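Quick setup: one chain, the form predicted on its own, written in structure tokens, and binding and motion questions come after.
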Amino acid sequence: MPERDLTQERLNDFVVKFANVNGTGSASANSLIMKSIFRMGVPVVGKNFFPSNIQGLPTWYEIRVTREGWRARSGRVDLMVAMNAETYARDIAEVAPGGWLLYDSTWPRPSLLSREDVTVLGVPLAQLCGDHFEGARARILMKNVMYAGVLAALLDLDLEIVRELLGESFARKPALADSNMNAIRIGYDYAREHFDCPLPIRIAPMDETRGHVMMDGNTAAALGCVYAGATVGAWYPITPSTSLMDAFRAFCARHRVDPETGRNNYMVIQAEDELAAIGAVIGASWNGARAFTPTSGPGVSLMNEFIGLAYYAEIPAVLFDVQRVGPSTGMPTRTQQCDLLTCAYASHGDTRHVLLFPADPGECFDFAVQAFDLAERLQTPVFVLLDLDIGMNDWMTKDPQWDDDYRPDRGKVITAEMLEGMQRFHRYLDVDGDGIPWRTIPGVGEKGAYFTRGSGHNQLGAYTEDPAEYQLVVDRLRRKFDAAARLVPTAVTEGSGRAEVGIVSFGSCDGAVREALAALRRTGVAVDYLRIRAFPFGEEVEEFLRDHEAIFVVEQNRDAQLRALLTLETAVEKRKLRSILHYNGLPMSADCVVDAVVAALAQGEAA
């Protein structure tokens, strides 16, 4: 994308990046800036890049202010807040020509003046903190709050909104709210006295955040689990999914406690490992509870055997895979979409699993509810595949909506009254011809008893090694999976439908792709877009692939897993598919898509 002239006033369209030391309390100050911008009605997104191991290592937080509401990274930095001496060289190198770098000038750094195309703003933060606050820890924390005050002046933030946010954060400790506001005011006044404020990049109030909230996907998914009626969660802690269970526990502690007895109406189990976690989920689901586990790629690998059991024994289960960078331990605090094939065919033998692909926290909420309905209707494991970018970063998303008339879809569950009218119950018999048998909940009646097994069984539920009987059951499982294509969320399309070139993507790539489409349209390039929201693929996916001569498949992994899945599971001609891959662990930007499409068109690789 073309370079922008930062000397010209640019309202609500820039990026601020914070370079901090992990463990210094900077997250609160950075979040205060982002929330203040949001409260001023201006669309904003926040991306956190943090280390996976110990306190004291570098961490970065990136705020993109975007009046047009784009949700991807921009791929550039206009203002760098450099608070980590160890990364100064790297940080100043990231600043776009004409941009600014803010640092603590208590200790002068001549090397920061090495770029003539960057304006360096020095503020003696440590010295100011030493003059106004007591105690080493307080001075460290207040230094972060003080640079937030400097930014409030530079970016023209509303100080009353800042004060309001501090009051909310420290509602039970008003003295802390006052001391934080004092630090804000010190930084604000220093900037106003020593710099031309505001900068050409600044905030102007808008009204574009009404009806939206700032939320991460893990919190949204946890809230969806509560609304779906989930009462059992089992997990083994793993980055980046642990906060999903933390949020679920917090929601349940507020809303799932009997007001009369004080007893919890939920259970959260921290298991000894991922295998035990999925085992607990399967046991709870078999007993009629709605149960789930959040994990990441390494956890899914360990769960494979039990996932196969749930698939073959036809027990509902919901798994949230918050994907991170692999293989092996990989980079646990970086994002990727690298578990697609692992989840689609998890376990040994012939298995296919239902996958849902939310694109933002709003869909994390919605798809969490749908996942439980699908798992029980289809009597099978259902995966919700988000990633670290969606799960742990700050997104502006529409306020989740709820239909009070919603009732959980428990699927084909035989009641005690139904059992009374039956001569005999056969657990795996397809009586309706849709591939889905009827099930019972333990304890509903003696006629509903059956033996659950992961070994060979026939349609009556009895053990078998008879080839014909075995094949009858696994063929029905395949028919059930095919039927799921009509039940899962349909793909979303954008464009005229007449362009020869199409883009196919899924999940968190959506923000970058949509921004890229707008950039391509401005250059006269017409592209249709299909966002896949689930597997198995519906007929609309087949139609899109059939109707476009050249198709770019955009995904965040090295081995083109979505492209491979499309090749395996649809009738698309392989020659049509061209990969656009991003897999360095950082959320992708629109530039990645635009550059690849433009280059292919220039070389005549696409019509």
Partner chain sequence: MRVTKPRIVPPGAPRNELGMTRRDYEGGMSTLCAGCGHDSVTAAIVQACFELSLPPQSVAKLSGIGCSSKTTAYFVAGAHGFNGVHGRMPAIAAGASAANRKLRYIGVSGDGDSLSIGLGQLGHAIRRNMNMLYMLENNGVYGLTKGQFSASADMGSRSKKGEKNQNEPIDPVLLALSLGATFVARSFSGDKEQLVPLIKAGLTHRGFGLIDVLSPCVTFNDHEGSTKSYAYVREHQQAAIAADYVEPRREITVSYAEGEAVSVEMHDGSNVLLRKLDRDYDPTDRAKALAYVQERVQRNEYVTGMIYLGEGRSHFHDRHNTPDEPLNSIPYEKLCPGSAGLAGILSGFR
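These numbers come from a predicted model, not from an experiment. Numbering follows the first chain given and starts at 1.
There is also a form predicted in complex with the partner chain; it is not shown, and the following applies to it.
Put simply, residue 338 is far from the partner chain in the model of the complex: not one heavy atom of it is within 4.5 Å. When contacts are judged by a 4.5 Å heavy atom cut-off, residue 522 does not count as touching the partner chain in the model of the complex. Under a 4.5 angstroms non-hydrogen atom cutoff, the partner chain in the model of the complex has residue 306 among its neighbouring residues. For residue 315, a non-hydrogen atom is located within 4.5 Å of the partner chain in the model of the complex, even though that partner is not displayed. Only one of 527-535, 456-464, 514-522, 198-206 places residue heavy atoms within 4.5 angstroms of the partner chain in the model of the complex, namely 456-464.
The listed set 433, 443, 135, 349 contains one residue whose heavy atoms approach the partner chain in the model of the complex to within 4.5 Å, identified as 443.
Site annotation in the model of the complex: the residue of 399, 420, 116, 131 reaching within 4.5 Å of the partner chain with a heavy atom is 399. Of all the residues from 252-267, those having a non-hydrogen atom no more than 4.5 Å from the partner chain in the model of the complex are 255, 256, 258, 262, 263, 264, 265, 266, 267.
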